[in-house]
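Before any questions on binding or motion, here is one chain by itself as structure tokens, the form predicted alone.
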Amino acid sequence: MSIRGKAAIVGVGQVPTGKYPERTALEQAIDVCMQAIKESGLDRSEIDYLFPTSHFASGRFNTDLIFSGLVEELGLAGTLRGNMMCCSGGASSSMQMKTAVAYIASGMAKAVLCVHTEKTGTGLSGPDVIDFFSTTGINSDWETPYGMHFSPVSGTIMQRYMHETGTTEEEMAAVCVSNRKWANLNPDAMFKDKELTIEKVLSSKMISTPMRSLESNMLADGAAAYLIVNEELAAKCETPVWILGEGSCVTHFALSQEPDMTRFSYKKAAEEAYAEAGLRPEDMDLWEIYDSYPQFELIALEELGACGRGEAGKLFLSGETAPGGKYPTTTNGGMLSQGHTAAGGGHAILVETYRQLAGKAGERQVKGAKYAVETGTGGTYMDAQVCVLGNVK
């Protein structure tokens, strides 16, 4: 069964990303959910299901989310049909969205509210956060005992990609600069007030050859929500953004078992998404790519069909992916510049996709944007999740 045009995102919410010790995870969640409901113009009683995703900074709060702690705070008790946690790491936003669309397309629901809230910027400190986030998602039997953690994961993939494609250090650094230019226009971005140059990136500390410190993401506090509804409710809303096609593929758990760490399965997933949407790469106005490290934007941009193998770095270096360019990419600044909120990096990108297609992206608005391709991935890039969205069916 095709999902094309069966459901639409009609409202989103987001709080600024960064370090906000005075802001609780619950407060963030309530805030972004109410923003999404208000923007939709719908009554909260029309929501059938609430899908929170995992919260890593506090196991107790995560359990509260599982057991409907947010339901009462939103005034949904008594009208909501179900509360279910849906998590697959950085791919959580994609899996929430696809599950919500399936509920809607089957007739089980007419409206589903998806939310993420995290305190990884201030909720964990010292060795706790370092140990947890450096090894989570890495095989504890065969990889972590030998020193593998996320920095060498990134460095290994970056080095192999540069070797195979001839991508230069300058081109890799240009990804970070492009993302920062978008973040400078994003009031919710962690690094909205900090300029970045290729020279500054290349002079930063080497973390895991050839990756430098300014090519790594920064953990932060943040939250985002989006409301997905059926066609009937979407007709009542001012700016629905339609889910037109999706594709996905899980390739590994341990990175050592990934058959091609310079491509993953983005091409396969993208072909599925484009086919369902009835569109082609040439139709895309926006490339909203899950980043976390710069090489993943390069890999995805090529595999999604924006350019040929080994050409993405040149696009970034030329400025074509930055504001005013022909290939606007990761227009919220991504995890490299908006900030990394654990499972919420994909949520921020999906919220940005909605805002761009709804014409609500402020200074960074891409004029005339009609279609976008958006991605997510979890763990050590265990899967490729691709979605095509549009402001028309």
Partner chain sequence: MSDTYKKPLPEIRPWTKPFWDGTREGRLMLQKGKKSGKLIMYPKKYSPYDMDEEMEWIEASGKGTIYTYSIVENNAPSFMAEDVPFCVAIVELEEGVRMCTNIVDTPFDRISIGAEVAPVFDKVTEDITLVRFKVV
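Numbering follows the first chain given and starts at 1. Bear in mind that the values here come from a model prediction, so they are computed numbers and not experimental data.
This next part talks about the form predicted in complex with the partner chain, which is not shown.
Residues of just one listed stretch (264-272, 173-181, 219-227, 146-154) have heavy atoms within 4.5 Å of the partner chain in the predicted complex: 146-154. Checked against the partner chain in the predicted complex, the candidates E320, E73, E231, D131 yield a single residue with a heavy atom inside 4.5 Å, and that residue is D131.
Note on contacts: among T136, T79, T99, Q159, the single residue with a heavy atom within 4.5 Å of the partner chain in the predicted complex is Q159. The partner chain in the predicted complex is not approached by E246, whose heavy atoms all lie more than 4.5 angstroms from it. For the chain shown alone, T209 is a contact residue for the partner chain in the predicted complex, at least one non-hydrogen atom being within 4.5 angstroms.
Using a 4.5 angstroms limit between non-hydrogen atoms, D141 touches the partner chain in the predicted complex. Although the partner is absent here, K205 lies within 4.5 Å of the partner chain in the predicted complex, judged by heavy atoms.
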